[in-house]
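Only one chain is shown below, in structure tokens, and it's the form predicted on its own.
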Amino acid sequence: MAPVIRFSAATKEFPASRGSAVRAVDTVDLDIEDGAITGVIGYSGAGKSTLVRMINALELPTSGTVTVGDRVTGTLGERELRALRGEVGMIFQQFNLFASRTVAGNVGYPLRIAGWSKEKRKQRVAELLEFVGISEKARQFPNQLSGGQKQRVGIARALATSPRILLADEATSALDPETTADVLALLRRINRELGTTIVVITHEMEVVSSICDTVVVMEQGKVIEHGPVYDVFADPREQATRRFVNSVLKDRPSAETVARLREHFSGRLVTVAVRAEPGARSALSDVLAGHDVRSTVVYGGIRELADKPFGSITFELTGSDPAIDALIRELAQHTDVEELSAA
């Protein structure tokens, strides 16, 4: 698909109170495909929020360009910027609803600003509340709603002007797991039924694995990895990506855990990646059974990512060193293998 959003050497700097400027986004080259759901992840201060605010031109690049559709944001006048922002909806972590307006009033607010007639606003609001599943809440106020219901109002409001692009900034981090699953299902439905391109800022693996097609990993303002979710997480190239995966999946033992394992297991400890390549799992079983080596599972974690297995298992291997060495060499022909140091 053709990109609907393109960053070309895009940089955003903010003035600092002392010394040189702070570079929040640093020379980013990135294409976001039309109709895709893209997750943007990274630790605090990585530049995620600034990157996304550059899409709706709330932040303009200091250098380089950001192109949304066929418009370069930094070249637009105020009227053109307002038109662009009307095509980009925003969902917020803390909902950002007007406490003094009803649900219907909150959803209809962008339409009122856009100059829609009262009758057309009423019809559109009814459609949107039906779509997000809270028609019966139209006359209630935000303080009468649950967190999940508030976020549905926020989503309906973001969809009011039929935006081509929807930005979600930590949209589920204030919700419980069950409500999160409901909101993610709604976002996926919006993407599938309406064809809306969605960009999600998140630190939650569940969000990425549930709905995202591609993932962008940021560190210190730079995009360090970008690609299909499974490819990036199953074979991370950068240490920041590996830290993120390990912190969520917890499939690989830390140094402290390895030390504790060695108190109970005297054999050699080997961590083996579990991946979705054809025949990989059967090859793992065959290799383990094909050597005069005893294997015991002592640690690990496996989950589904993009409907494929993903994780690793740590084994204690006992037997002669030559037999274990041969097993490790053969395993390494099929998947990633790491022998855990005794140090």
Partner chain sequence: MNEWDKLTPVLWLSFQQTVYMVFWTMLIAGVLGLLLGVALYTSRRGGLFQNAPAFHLLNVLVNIVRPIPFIIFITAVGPLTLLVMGTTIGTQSVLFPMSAMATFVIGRIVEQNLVSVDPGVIEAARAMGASRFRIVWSVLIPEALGPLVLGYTFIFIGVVDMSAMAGYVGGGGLGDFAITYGYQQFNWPVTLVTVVIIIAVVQVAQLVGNWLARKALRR
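Residue numbers count along the first chain shown, from 1. Note that the structure is a prediction, hence the values are computed from the model and not measured.
The form predicted together with its partner chain is left out here; the points below concern that form.
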- Contact with its partner chain in the predicted complex, heavy atom within 4.5 Å, among Val72, Ile113, Ala259, Ala185 goes to Ile113
- Task: Identify which of Tyr230, Phe92, Phe131, Phe265 has a heavy atom within 4.5 Å of its partner chain in the predicted complex; exactly one of them does.
- Result: Phe92
- Item | Residue contact check: Leu97 to its partner chain in the predicted complex, 4.5 Å heavy atom | yes
- Query: So in the predicted complex, does any heavy atom of Val298 sit within 4.5 Å of its partner chain?
  - Reply: no
- Is Val88 close enough to touch its partner chain in the predicted complex, meaning at least one heavy atom pair within 4.5 Å? yes
- Message: Against its partner chain in the predicted complex, would Asn56 count as a contact residue? Criterion: heavy atoms within 4.5 Å.
- Response: yes
- If you check in the predicted complex, do Glu78, Arg101 and Tyr109 all have a non-hydrogen atom within 4.5 Å of its partner chain? yes
- Note on the structure: Of the candidate stretches 189-197, 233-241, 80-88, 213-221, the one with residues having heavy atoms within 4.5 Å of its partner chain in the predicted complex is 80-88
- Task: For the stretch 128-155, return the residues whose heavy atoms include at least one within 4.5 Å of its partner chain in the predicted complex, in the order they occur.
- Result: Phe141, Asn143
